[in-house]
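Here you'll find one protein chain in two forms, each presented separately as C-alpha cells under the names structure 1 and structure 2.
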Structure 1
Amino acid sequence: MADQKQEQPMQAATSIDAIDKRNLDWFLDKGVQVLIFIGGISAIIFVLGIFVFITKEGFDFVLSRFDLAEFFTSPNWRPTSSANPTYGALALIVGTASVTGTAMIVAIPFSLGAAIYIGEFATGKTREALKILVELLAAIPSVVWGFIGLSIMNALIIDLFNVPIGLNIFNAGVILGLMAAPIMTTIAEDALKAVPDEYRAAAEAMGATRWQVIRKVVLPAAKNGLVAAVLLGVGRGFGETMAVLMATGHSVQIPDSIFDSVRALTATIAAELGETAVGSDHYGALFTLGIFLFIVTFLINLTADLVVRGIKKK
C-alpha cells in the first residue's frame, strides 16, 4: 500500500474517500438520536396531553354551564340534583385547603427539624439508617394511609377528643402531614446538603457552635431549597386523593371546627366520576375540577422550580 502511494501521489485524494464514508453505524447513530430525542420530549408531550385531554372533556361544560362566580363563591356542590343542579366548588376548595393547611402545620416543623437533624447533627450509620427509614416511609401507598385514617385514626380521635365522627379535617390533615413529611424531609435535606462545606468550616473556624453555624450560615444559604420543599409538600397535599377520600368524612360543607368532616376537590372526582354518564354536565364539571387542580399544581411546581433556580443563579 505504502509503495503504491509513493508511486502515485494522487492516491491520497482517492483514498480519503475510502476512509471518509458514511457506514451503517453512522446511519444507526442518526436514527437512534431521533428516537432518543422523541423520548426526551415525551414528558412535554404528556403534560400537554394531560392538559388537552382534560380540557377536551371539560370543554362543553365550561362553555355551556360553567359560572366562574358560582364556582368560586358558592358552597353548594349539588351536581346530582334533578331539579336544579349547582356546581359551587367553594366548600370543596375550603375542604382541600383546610386539610392541606392542617397537614402543613404537622409536616413543616417536623420535616424541617428532621432534615436538620439528619443533615447536620446525625453522623455515620445513624444518618444512613434515618435516611433509609424516611425513604421507606415515603413509599407507603396513599390508599394504605387512607385505610389507616379510616380504621386506626378514626377510633383514636373519637376516643381522645370525644367527638362523634373521627373522619374529619384533623384526621386527614395528620395523615396527609405524615405522608408529606418524608418527601419534604428528603428535599429539605438535599437543600441543606447543597450548602458548601467550606461555609460550615469557615464559620466553625471562627469558633461558632454547630447550632450557630446552622442558624446563621446553613439555614440562610439553604433558604430557597427549604421553601421549595415546603411548596412541593403543599402541592403533594393539594393533589392527594385516596387518603383524603377515605379520611375526611366526605361531607360537602364549610367547616366550623377542625373536627368537622369536609370533602376535598380530588376526593370529589374520585367519588363521583364512576357514577356519571360520559358527556353529561356532571361529568364535565368533574373534569373542570380536574382542570382547576392541574392549573394550581402546575403553578405550585413552577414556583418551586423558579425558587430553586434562584439558588443556582447565586
Structure 2
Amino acid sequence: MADQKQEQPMQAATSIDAIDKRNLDWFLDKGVQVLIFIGGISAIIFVLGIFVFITKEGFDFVLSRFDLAEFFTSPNWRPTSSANPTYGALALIVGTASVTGTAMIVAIPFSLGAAIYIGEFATGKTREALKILVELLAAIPSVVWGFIGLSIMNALIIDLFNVPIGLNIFNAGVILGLMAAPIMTTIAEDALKAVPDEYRAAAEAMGATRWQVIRKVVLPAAKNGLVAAVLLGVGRGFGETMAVLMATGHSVQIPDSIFDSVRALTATIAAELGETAVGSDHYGALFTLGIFLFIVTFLINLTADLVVRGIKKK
C-alpha cells in the first residue's frame, strides 16, 4: 500500500510534465505560424506601401500638369526649361526598351544553353560547381557591372566597331544580359527538371538521340517555365538602374542603331531626383515615371507568375 501511495504522486507529476510539454509545443507551433504569416504578408504590405508612396508623391502632378499625349508621344524631356518645360517620356521609354531587348538577345541563348547543359548533361560535382558559379554571377553588385561597362566595354566597343563612343545600347545590353542571365538560368533549369523522367525514357526507348529528346520532348514540355524565366529576365532588365546609368551614355534621344547613346527611365530617376525641389513639377514628373515603371514591372512579373501557375495546374 505504501508503494502504491508513492507511485500515485510520481504518475501525477509525470502527467503534469507531459501536459506542460504539450502546451509548450502548442505555443511554439503557434508562434512559428505567426512568424511565417508575418513574413509572408510583409512582402505584400511593402509592395503596397511603395506603390502608395510613389502614387502620393506623383498624384498632384498627374492631376494638374500631366499630359498623356505628351508623355507617351513626345521625345522631348526638358523638365528644367524655364521657358517651356516639357515632360515627354517617349525617348526614355524607347531607350529602356531597346536596352532591355538587346539584353534579352544576349541573355536568352546564354541562359537556355546553360540551363540545358546543367540540367541535362552535367552530372555530380560538375553540375554543383556550375550552379554555384551561376549563383555567384548573380551576386555581383550592379555598380560593378556598370564599372565594367564604363571602363572595359567602352574602350573595347570603340576599338572593335570603330564608333566614336562605346557607351551605348550595345554596351548596356551586353552588361544587362549578363546580369539577367543567372536568374533566367536558375528558373529555366527548374522548369527542365520538372519534366517527368518518364518522358525522356519513353523517347529514348523509341530510338531518339539525347539531343532529339531535349529538342522534341523536354523543351516543348517545359516551354511555359522557360517563358516565365524569360519574362522574369525582362522584368529584371527593365528595372535595373546603376549599370544602365553608367553604360548607356545617358543621352535623351530616340536611337537609330544599337551604337547610339540613350537614357533609360530608371537612370533618369536616379540621376535627377536628388537635385529636384520637392513638390515641383519636375519632382512629380519623376515620380510619374516611377509609377509607370512600377506598373510595367508588376505586369511583367504577374504574367510570369500566371504562367508558372499554369504549369502547376497541369
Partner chain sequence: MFVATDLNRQNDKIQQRWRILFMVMTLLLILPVLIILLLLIIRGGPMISWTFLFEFPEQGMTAGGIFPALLGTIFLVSVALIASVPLGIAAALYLSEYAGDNWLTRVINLAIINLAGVPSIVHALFGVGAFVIFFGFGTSILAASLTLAIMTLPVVIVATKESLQAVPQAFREACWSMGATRWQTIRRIVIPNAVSGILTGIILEVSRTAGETAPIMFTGAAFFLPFLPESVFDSTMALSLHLYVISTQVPGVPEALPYGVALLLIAIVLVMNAISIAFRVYLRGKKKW
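The term rigid core refers to the maximal set of C-alpha atoms that superpose within 1.5 Å between the two forms. Numbers given to residues start at 1 and step along the sequence of structure 1. Please read these numbers as outputs of a predicted model, since none were measured by experiment.
Just to confirm, one of these is the form predicted alone and one is not; which one is it?
Structure 2 is the one predicted alone.
For M206, is the C-alpha shift between the two structures 2 Å or more after core superposition?
The answer is yes; the displacement is at least 2 Å.
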